[in-house]
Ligand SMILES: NC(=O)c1ccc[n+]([C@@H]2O[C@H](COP(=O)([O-])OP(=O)(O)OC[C@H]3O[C@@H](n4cnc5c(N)ncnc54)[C@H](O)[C@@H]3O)[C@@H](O)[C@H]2O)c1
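Here we start with a single chain on its own, the form predicted alone, put down as structure tokens.
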């Protein structure tokens, strides 16, 4: 199978969907790899490194899309890329379709098969291809929040870790999944006062066991969320419902009552966001203010650290890429039911139920179409 990797076009997105090691694995197995010229430069990977690994460098994305049977990307296609989609093409990337009807429609109209990193599952229900970027975003969130808490950036002027004799910032993390756990861990390491809320008591028990009381845990409910947010200097939203739109946990009424100059960081923004006041922003224009609260809602946070992110992502995706290239779509998903859950759109139909529900579209079973 011929595999193509274009340059990412989303605002300040410097990741690339493969590393030289990934190229070598595919080429040795007999699968040609086409990479758009300069696609890896933002991740500090040169065309020469890719060529040494066996890739063919092509002049532009049109060649990548037209000549490849499977295209690997990091982020969902933007409008400029919609005309490149076509029937029979496999697109393997983060799609987050529940939050984007235009991308869903573009995949359906073109006949492209959309396989989403974020809905591939392990047997235990965990999400192996979402985990590495959730880990990166979670670790970034306290640093981002600390920056925007500075007065010159519109924040309250609070140092996250405080100093001797002065209380540190209070950081509230909503959600104890991969992103939330990493956010809490890093914030605690920066000596902030950290509170984590989640509905899953077992996850909270794990935090208590590991951190031995250094991170406060609370069972999540409406009143607990409200009280925690009103006392917070920084709120990090890390709520995930796999493949579906994120629930709006924090209402605008809560935002209105938060401390002026406090900061919210919405890691869930790719799935629509967990704050009622969330709207997606970009690295070039990352924040806006609502009711005197600074909102950071960048949809591709890990794109700010592309070298780390690219290698972390390829470590996770490569076995699935190899399976698709070796077995084809049908063979790969038959052998791995978890990969089958990654197929969101196929033959013009939505085959992942949460996406169909999000946009009131007809849902079709994938097996019935294959």
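This is a predicted model, so every value here is computed, not measured. Numbering follows the first chain given and starts at 1.
Same protein, other form: the form predicted together with the named molecule, not shown, and the subject of what follows.
- In plain terms, the part of the chain that comes close to the named molecule in the model of the complex, with a heavy atom within 4.5 Å, is 131-139 out of 251-259, 207-215, 151-159, 131-139.
- Think of it this way: in the model of the complex, the named molecule has a heavy atom of just one of 220, 147, 282, 100 within 4.5 Å, and the residue is 220.
- This chain is drawn without the named molecule; in the model of the complex, the residue among 116, 298, 169, 90 with a heavy atom within 4.5 Å of it is 298.
- The candidate site formed by 5, 34 and 68 is entirely out of contact with the named molecule in the model of the complex, as no residue has a non-hydrogen atom within 4.5 angstroms of it.
- Not displayed here, the named molecule is kept clear of residue 86 by more than 4.5 Å at the level of heavy atoms in the model of the complex.
- In the model of the complex, the named molecule stays beyond 4.5 Å of every heavy atom belonging to residue 76.
- For the chain shown alone, residue 302 is a contact residue for the named molecule in the model of the complex, at least one non-hydrogen atom being within 4.5 angstroms.
- Although the partner is absent here, residue 228 sits far enough away that none of its heavy atoms falls within 4.5 Å of the named molecule in the model of the complex.
- Along 140-179, these residues reach a heavy atom to within 4.5 Å of the named molecule in the model of the complex: 174, 175, 176, 177, 178, 179.
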